[in-house]
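Here you get one chain, nothing else, as structure tokens; it is the form predicted on its own.
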Amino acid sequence: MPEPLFWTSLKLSLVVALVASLILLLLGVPLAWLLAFRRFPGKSILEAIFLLPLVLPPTVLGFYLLLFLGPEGLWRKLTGLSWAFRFEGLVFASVLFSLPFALTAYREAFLALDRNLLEVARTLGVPPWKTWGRVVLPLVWPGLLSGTLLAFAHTLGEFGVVLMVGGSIPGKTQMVSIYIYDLVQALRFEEASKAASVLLFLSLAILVAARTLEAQGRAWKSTT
């Protein structure tokens, strides 16, 4: 069995991934709706900015976030708070790094909607909030949940960004991916293997759940 420090790191990773996923759900859904159905000047540039973490090296993104959240950063000047090497900084960095994964899944779910249903609801004078509750959410919830699970799994295994922003403080900012890296650096391969296998099966289970939800979503739409 992995040592107690592994479970501490895993618990921190799960909590960071859970909080970041909930924030992404609240932030990403209206943003994805805006990008899916609205046209406005600068939309392509805005989309490129949101998708930038997909192509930017994690250490580069983490470096800029460290400057932003650090004691001399802009975040400290604006709020009086320094989030570098803290739980809040890990969550902030995880939200930014996983945003493209959640945003892409949410937008695809909205684009798959039958727009005739929305047009009929608008023509009949149905309030937008009621259209969301009775038409939109029942059709897109599998896609939204699948995207949230993917963002959760991605945050759980993130390394470069969280290492730059949070460092490797055992029991405070050491996430499970960094814990495994430290074991390898210390040539403790057997312990690293045990810890990595737990993360492997956990990530696989999350991906299976996400794909199952996507399949259920397609089956549900085909019967409606």
Partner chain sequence: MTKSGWLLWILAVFLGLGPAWAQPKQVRVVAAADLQYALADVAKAFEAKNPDIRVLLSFGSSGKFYTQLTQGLEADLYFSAEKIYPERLEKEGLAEPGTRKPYATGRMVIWLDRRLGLNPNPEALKDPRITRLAIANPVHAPYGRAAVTLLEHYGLLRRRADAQVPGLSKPFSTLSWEEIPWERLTRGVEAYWDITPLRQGKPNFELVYGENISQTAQLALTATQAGILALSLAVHESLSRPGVYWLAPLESHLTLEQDYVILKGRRRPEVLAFYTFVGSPEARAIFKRYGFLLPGE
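Positions refer to the first chain, counted from 1. For clarity, every value in this text was computed on a predicted model and none was experimentally measured.
Beyond what is shown, the protein has a form predicted in complex with the partner chain; the following relates to that form.
> Exactly one of V184, L51, L27, V198 has a non-hydrogen atom within 4.5 Å of the partner chain in the predicted complex; which residue is it?
In short, V184.
> May I ask you to choose, among A105, V140, A84, L99, the residue with a heavy atom within 4.5 Å of the partner chain in the predicted complex?
Checked against the cut-off, the match is A84.
> With a 4.5 Å heavy atom cut-off, would you call G133 a contact of the partner chain in the predicted complex?
Result no; G133 lies far from the partner chain in the predicted complex.
> Even though the partner isn't displayed, in the predicted complex is I169 close enough to the partner chain, meaning a heavy atom within 4.5 Å?
I169 belongs to the contact set for the partner chain.
> Is there a non-hydrogen atom of F37 within 4.5 angstroms of a non-hydrogen atom of the partner chain in the predicted complex?
No, F37 sits far enough from the partner chain in the predicted complex that none of its heavy atoms falls within 4.5 Å.
> Decide whether L156 counts as a contact residue for the partner chain in the predicted complex under a heavy atom distance cut-off of 4.5 Å.
Flag for L156 set to no.
> Which of these stretches, 190-198, 27-35, 43-51, 176-184, has heavy atoms within 4.5 Å of the partner chain in the predicted complex?
Selected range: 176-184.
> Even though the chain is shown alone, can you say which residues of 43-81 have a heavy atom within 4.5 Å of the partner chain in the predicted complex?
L66, G70, P71, L81 sit within 4.5 Å of the partner.
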